[in-house]
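First, one chain by itself: the form predicted alone, in structure tokens.
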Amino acid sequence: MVLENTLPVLLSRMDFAWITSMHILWTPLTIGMSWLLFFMEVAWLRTGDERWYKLNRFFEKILIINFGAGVATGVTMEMAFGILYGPFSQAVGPFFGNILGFETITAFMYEAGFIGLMVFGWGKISKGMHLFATFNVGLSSSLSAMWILVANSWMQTPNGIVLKDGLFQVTNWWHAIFNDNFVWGFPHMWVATVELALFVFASVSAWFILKNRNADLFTKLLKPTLLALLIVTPVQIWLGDSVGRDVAMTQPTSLAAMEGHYHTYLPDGKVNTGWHLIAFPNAQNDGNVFAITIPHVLSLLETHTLNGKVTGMDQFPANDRPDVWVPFYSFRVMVAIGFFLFFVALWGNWLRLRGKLNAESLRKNPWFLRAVVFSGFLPYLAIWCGWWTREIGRQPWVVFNLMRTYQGVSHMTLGQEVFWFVGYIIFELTVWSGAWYFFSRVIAKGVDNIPHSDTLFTHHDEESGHDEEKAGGGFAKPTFASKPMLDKSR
């Protein structure tokens, strides 16, 4: 216990928590928004409605800024594995080396290549090829997320391996990749990216409507976005419930920490079925000083029965229990946000049914628009809280039940730990500040400076003196075409 609670170990944990928390601000939006841009581009190509094109080009700028910040923070996170968790990185190398290698291929080769075509290909490749590029940005970013979740889920439920000679050697790749936690964890995370992107679309649209800037254009986007959220938000709540039930079976200590559930049985010998709305754990981490408890709710949530047994902290040694404060309250914040977002989706579609989801009606009663703008930030907080619940709930293990966190951290002095911590704080805040500077510039400019698609997908026939549509989309004129050759004889 002395080793586990040293200041260098705590600083390593805090440093990596900071790095991952700042990185996870960016990647989910890239994943979710890339798919939304794909469907927006499909709508433009099918209907010929120029408004979808303008909206696509506007949000594409936000995607690119977000993608750049994600790359910058992602590279430093890869470095942090070796710097902060050297022994862990070495031990899990036979598995992580392959998984993170696959992630690197999908992110830095597959995704980066097609995102270049998506951004710089307007007018230079055909419309169909550009749509194909956008689709592949969505697919590659989702595959990248899949590999990251494979690695992290394996840390929660390390299937398909054997610890031999200090190395985690793979005995069954199928079981290791599709481990118990991944089956529900990845869908839950992927749907979170879509939910986040939809609320960013809705939040930005609501802001423009409030400011009466291109209000009709952004109302056109807000309507299908709210309809999609009416489907996505309850699906995400159901997936979250499924993840919780899986955690109860595979990581009972984590579930007990999430629920502040210390005692499996009551003093009278009956099963403890109470769910704590609020709880204050004691300093010994063996009970609650104060709690507001609702009977039977915990059993209903985790076993779907009134009196089902949910294993409490008292069934495990004291040094194998995670701290409760952060998982308990971050889990509740995440759940509360999930239901609030569902309520916002219901509210918006109720206004639509009443014929009041138009710019003029919305500005007369702006509370809904304000709620939507506010909701744009909530999925970020929910993702943060979910990640903190997941990571702190696994403690004191870095690989659940196989490698303790203090065994996985690098052996650095306190000065070295502080140096890296301060350095990462400065770097991450610099990236965050720069990204928000460019976000604000993009939103300030709006869509008015986006040219009509005809300027890219037509070419001018100088001999005939009229515009002629290019088959398949059109091409940009080379920049050197109008420049005279240096050697006239050539």
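Bear in mind that the values here come from a model prediction, so they are computed numbers and not experimental data. So that there is no doubt, residue numbering starts at 1 and follows the sequence shown.
One more form of this protein exists, namely the form predicted together with protoporphyrin IX containing FE; it is left out here, but the text below deals with it.
Has each of Asn56, Trp207 and Ala215 got a heavy atom lying within 4.5 angstroms of protoporphyrin IX containing FE in the predicted bound form?
Contact check failed for every one of Asn56, Trp207 and Ala215.
Report the stretch among 412-420, 70-78, 125-133, 280-288 that approaches protoporphyrin IX containing FE in the predicted bound form to within 4.5 Å, counting heavy atoms only.
Partner-contacting stretch among the options: 70-78.
If the cut-off is 4.5 angstroms on heavy atoms, which of these, Trp275, Phe368, Trp397, Phe178, is the one near protoporphyrin IX containing FE in the predicted bound form?
Checked against the cut-off, the match is Trp397.
Select from the listed residues Thr106, Asn358, Asn152, Thr303 the one whose heavy atoms reach within 4.5 Å of protoporphyrin IX containing FE in the predicted bound form.
Exactly one residue meets the criterion: Asn152.
Contact test in the predicted bound form: Phe95 vs protoporphyrin IX containing FE, heavy atoms, 4.5 Å:
Phe95: no, not in contact with protoporphyrin IX containing FE in the predicted bound form.
Contact test in the predicted bound form: Phe102 vs protoporphyrin IX containing FE, heavy atoms, 4.5 Å
No, Phe102 sits far enough from protoporphyrin IX containing FE in the predicted bound form that none of its heavy atoms falls within 4.5 Å.
Tell me, yes or no, whether Tyr85 is in contact with protoporphyrin IX containing FE in the predicted bound form, where a contact means a heavy atom of each within 4.5 Å.
Judged by the heavy-atom cut-off of 4.5 Å, Tyr85 is in contact with protoporphyrin IX containing FE in the predicted bound form.
Thr219: touches protoporphyrin IX containing FE in the predicted bound form, heavy atom cutoff 4.5 angstroms
Heavy-atom contact with protoporphyrin IX containing FE at 4.5 Å: absent for Thr219.
Residues of 30-48 having any heavy atom within 4.5 Å of protoporphyrin IX containing FE in the predicted bound form, listed in sequence order
Heavy-atom contacts to protoporphyrin IX containing FE in the predicted bound form: Thr30, Ile31.
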